[in-house]
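To begin, one chain is listed below as structure tokens, in the form predicted on its own.
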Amino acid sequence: MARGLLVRSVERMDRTPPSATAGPAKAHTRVLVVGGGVAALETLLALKERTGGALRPTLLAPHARFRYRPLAAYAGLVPDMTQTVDLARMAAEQGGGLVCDRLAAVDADAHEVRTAHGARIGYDALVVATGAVPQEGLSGALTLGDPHDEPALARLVARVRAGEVGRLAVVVPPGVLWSLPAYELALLLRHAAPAGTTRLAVVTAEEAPMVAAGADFGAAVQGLLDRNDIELQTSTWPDAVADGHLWMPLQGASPVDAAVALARPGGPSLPGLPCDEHGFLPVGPDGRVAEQTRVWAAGDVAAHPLKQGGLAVQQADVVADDVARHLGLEPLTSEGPAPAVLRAALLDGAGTLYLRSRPVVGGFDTEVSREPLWWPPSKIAGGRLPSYLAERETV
């Protein structure tokens, strides 16, 4: 068997003992879900609910454990709510199994994937939920959400708490539509800094805050910035941070002591599947990958413009529905997927602002509240994963 490959409870698994396998491991599963994050696990949970446990889905994930850590990027600005789950146990509870490996390529004609360790797994339905690849947001700045920059961000937060940072910029680069983490980080830093010590600014390529979520959504964010004396520069995209300055092509250079930028999401450009110019998988309203009959995508790997956890949860639901119909386990309906509802919980240091935005003709219907607008009021709204984590002991 290929080195590092862990296979458990795969439906119709090749029964040759691992020690006697001469070539790459072979297996077959009706449904193969690829990924180890929220979208993949939500798909697993939704499939069991939709099919009453009739499926035995296989999870192909790069790690044996899942860490639910939606607030980890904020480097101690908020309490650490990380929870960890054994993926083999979780997959078994859904009636399936785990292959601990990475996806290397897809052979859609043969209905087969190849893993990084050389294993081949056949499928009747393939769900790709591998997420996006975080890329540097701005040269010279720390990248929010990049695990490699988390220690440096923690040191910056400590300096802010000590009143040692005079000017700090949080940057939303072009191409990033889900910009809420930038405003959230700026508000949390304002709350952490001693009074009168740190001048904070959000510098964004957007025309207005959270423009992709509607004017009312953005107005609520703008109000928080104003009340917390955080400067906002819109329609601005710096070139780099260097020599103590934020360099901008038209406005010139502004002095800064530090800068943090949101990551630019990049697609994985998976061999064997169609992708757009950024490496994401183009999908239809049902989540099915373009030109494919047995392949779906959910979450940030799909070519949806907004990359956001709550939307990924809803996409997983849509995909699970369509996979079940494809396999004849759920009746066909004439109704298409319901429009996605954007839900966000924005931490401002003093509490949480809940925002919900529904698309309507001509714009958005937006609700803003200090009281939860969904339950449980988790950071990633909706889905089954928060309840799953709450009901089980973490390991």
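Model, not experiment: these values are computed from the prediction. Residue numbers here begin at 1 and follow the sequence given.
The protein also exists as the form predicted in complex with a small molecule; that form is not presented, and the subsequent description refers to it.
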| query | finding |
| --- | --- |
| Every residue of Gly35, Tyr74 and Asp101 near the small molecule in the model of the complex, heavy atom within 4.5 Å | yes |
| Contact stretch among 221-229, 174-182, 234-242, 77-85 - heavy atom within 4.5 Å of the small molecule in the model of the complex | 174-182 |
| Heavy atom of Val319 within 4.5 Å of the small molecule in the model of the complex | no |
| The small molecule contact in the model of the complex: Leu144, any heavy atom under 4.5 Å | yes |
| Heavy atom of Lys307 within 4.5 Å of the small molecule in the model of the complex | yes |
| Non-hydrogen atom contact Arg358 with the small molecule in the model of the complex at 4.5 angstroms | no |
| Selected contact from Gly363, Pro339, Pro62, Gly52, since only one has a non-hydrogen atom within 4.5 angstroms of the small molecule in the model of the complex | Pro62 |
| Single option in Val323, Val260, Met210, Ala129 placed near the small molecule in the model of the complex, where near means a heavy atom within 4.5 Å | Ala129 |
